[in-house]
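Just the one chain here, the form predicted alone, laid out as structure tokens.
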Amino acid sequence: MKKYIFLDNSATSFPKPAEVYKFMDYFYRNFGVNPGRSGYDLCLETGSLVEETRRMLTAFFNGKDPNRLCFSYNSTDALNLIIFGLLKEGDHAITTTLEHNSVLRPLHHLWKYSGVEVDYIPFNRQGFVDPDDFPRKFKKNTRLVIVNHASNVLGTVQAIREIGRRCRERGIPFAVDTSQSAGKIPIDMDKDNLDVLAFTGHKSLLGPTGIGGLYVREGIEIRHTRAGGTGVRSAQRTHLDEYPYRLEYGTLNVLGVAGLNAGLKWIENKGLQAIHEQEMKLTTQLRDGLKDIEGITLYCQDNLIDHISVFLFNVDGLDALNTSTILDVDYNIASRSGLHCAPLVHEQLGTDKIEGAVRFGIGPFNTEEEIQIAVEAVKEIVAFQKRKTG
């Protein structure tokens, strides 16, 4: 059997570091109980790991108070807490056409059912939004600006520091979806002028699925939209107001926290910059191998400055699903085709009319050899398509 080449790391990083698998197994076999619910040793050990991971993530994002690092199931879950907890009827929000459905759908729901106004900032031909476009949309009732830090479709990294500065000057809360960027490039709550960020653990933070969270800056309060158990002050009828309990409900995914803890330690040992440089080296190799081939369309890949290792393309005359299927069946290469849960990106590109595009997502365990195999595979698909249509 041929070696399987995994180039769908933008959906979920795979494989994880060996340390992640090993620690998850060790932790769950020895300490897989509820944290903070009782005083026995196993419970205390589990709670200690949860709090250590809060501190690690807070430092990773340069936050100030670990208690304001709240765990969720993933970034979609965290973004729902943020959006529904900050917006209400009569409010106005600003976002971009780069967003994932984890932002688009909650905003659409609030527009449809609560009358929340929403403006969408488009991206330019290179895949970037202009920070100066945001103040032009500010209104007296603007209560949230929310932006995808790194596009899961184009790989472009937005100038969140500049967008955040403009929001801070007007006192408008600024939230960032770091699903693709956390674990690839630095994110700084203070320097980037962030009020809230959402993250997921199963992508570039190299943890398992089912774990994510949000960090909320002091001075920003997110309303309760849920209620439930916390294991603290159980006689109180209302959900607790203090963080992290304010935005955590029921038993945490402690196995997910353990995996995230190990993933973070692997990243810190390897070095964020070293990981990003290696991934972008491979992305450049991929781009350079395909850019001059007649019969391939690349999207926003002319300049890879301010990019992460996400690569979007189409084979002319072949729909994306067929290209992705051929890569899988004939070449053992995993890719992702379609609209990538970001329909407004494809609408702006025009690829929505041709069933989307093919995405390669490069991760820390991909190699130059694998990228060269992918380049040759795409070349062969293009050549076959030309013979078939010519």
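Don't overthink the numbering: it's just position in the shown sequence, from 1. None of the values given here were measured: they were computed from a predicted structure.
Another form, the form predicted in complex with a small molecule, is not on view; read the next lines as being about it.
Each of Thr76, Ser102 and His202 places at least one heavy atom within 4.5 Å of the small molecule in the model of the complex. Put simply, Asn148 is close to the small molecule in the model of the complex: some heavy atom of it is within 4.5 Å. The small molecule in the model of the complex is not approached by Ser309, whose heavy atoms all lie more than 4.5 angstroms from it.
Proximity to the small molecule in the model of the complex, taken as heavy atoms within 4.5 Å, picks out 177-185 from the listed stretches 267-275, 177-185, 288-296, 253-261.
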